[in-house]
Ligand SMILES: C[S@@+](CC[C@H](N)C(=O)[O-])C[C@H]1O[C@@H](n2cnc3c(N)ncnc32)[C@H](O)[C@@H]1O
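In structure tokens, the next block holds one chain alone, the form predicted alone.
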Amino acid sequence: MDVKIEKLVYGGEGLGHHEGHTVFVPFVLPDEVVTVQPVERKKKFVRGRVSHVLTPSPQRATPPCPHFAVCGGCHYQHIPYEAQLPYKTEILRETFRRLGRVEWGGPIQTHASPPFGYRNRAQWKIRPAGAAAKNAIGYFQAGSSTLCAVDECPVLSPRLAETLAGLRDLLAESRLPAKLREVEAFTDDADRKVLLNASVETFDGPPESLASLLLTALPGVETILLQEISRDRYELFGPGFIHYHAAGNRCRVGHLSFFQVNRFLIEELVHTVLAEERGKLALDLFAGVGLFTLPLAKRFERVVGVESDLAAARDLQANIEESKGNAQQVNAAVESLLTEWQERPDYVVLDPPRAGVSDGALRQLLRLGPPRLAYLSCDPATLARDLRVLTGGLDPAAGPGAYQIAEVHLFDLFPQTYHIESLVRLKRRE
């Protein structure tokens, strides 16, 4: 079928229509006419792949990565970077309107990143590939568990690119275990030190031997956590963490803790979340290792960082102790803590996972009524859903919600992909 692409939608696809069906297809641009080969048919929509670009957009660019459109990591390398942010901005605005019934007519302030070399964390799959069925390293192909072996990845930091090359060489020389399945690497702010997680089905020798090989062959590796999948067994070699300097603070980041992946925008992200906020009490909900907790403690008389994940909570506690600030760590689910909490905070930071904030937690926030909120989200759909609860959306029967949007920011933490990181600042209605 020949389809004219009308717009880009969240998820990396373009949308068009054909004979009463909505058609979704990746790696396209608005106004392009493409021949689509259907791969999935439903009653109201069709998903497909492009077999020919009949009328290319003048914006269409040549992807710099030879693995683009096979590897499942990137979605927008066919779009010049200066055009990616406007498309993401419109997707964010439309998602607010469609899923949250939140009409935001104000500006969406964009924070651009260098388009390549930005990732400080990567996760590589290792599977048999090629005619010889030797293990190779790379990423899964889009929507599958089939390996796309890669020999380069332009979104990686230089140290991660070096780590990927070193692992590829070790595989080519058959020096790594045959049952090695995954390696994850994370670098510090200077892009020198590396934290490594490696998973094997079963150890075919002493785990010390594998750790020694990785420490010797890969520059900058400071700490290694090996997982034996079959026995759910872990072996640690090294301190168990590296330090990341951000916004005037030093954060300990352990093997199982989350940290922001764009090494260029972390400082700007922290400063924008904090803005000019000051006061007596701040709550940092979904605090992680304390990226926002530590700088908040310099602005507020008391700060409580709430984190349910035990590994991240341990890092958060260590970071609070080292900073000697006035912050407190609470290892608890956010909804559970808020249900028991009685004191009204001056400022609340929300940085939830992709699932967003539970309805119960949102209701407790409405009960507490902090005058100002900052909601940082990695998923526009769940953000729109939660904003509807906080602001009332466009439902005339519900009346105006407790909060109104003051600012919307789009941080492009993931250039070349469809992913959107957004920050919404809200203030309580008078």
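Quick note: we count residues from 1 along the sequence shown, nothing fancier. Keep in mind that what you see is a predicted model, and the values were worked out from it rather than measured.
Keep in mind that the form predicted together with this ligand is missing from the display, and what follows is about it.
Residues of just one listed stretch (83-91, 258-266, 112-120, 202-210) have heavy atoms within 4.5 Å of this ligand in the predicted bound form: 258-266.
Although the partner is absent here, Phe96 is not a contact residue: none of its heavy atoms lies within 4.5 angstroms of this ligand in the predicted bound form. At the 4.5 Å threshold, heavy atoms of Ile229 stay clear of this ligand in the predicted bound form, well away from it. None of the heavy atoms of Asp315 is located within 4.5 Å of this ligand in the predicted bound form. Contact annotation for Pro353: at least one heavy atom lies within 4.5 Å of this ligand in the predicted bound form. Comment: this ligand is not present in this chain, but in the predicted bound form one of Asp188, Glu222, Glu182, Glu335 has a heavy atom within 4.5 Å of it, namely Glu335.
Only one of Gly288, Gly73, Gly100, Pro345 comes within 4.5 Å of this ligand in the predicted bound form through a heavy atom, and that residue is Gly288. Taking a 4.5 Å heavy atom cutoff to this ligand in the predicted bound form, the contacting residues in 279-309 are Phe286, Ala287, Gly288, Leu291, Phe292, Val306, Glu307, Ser308, Asp309.
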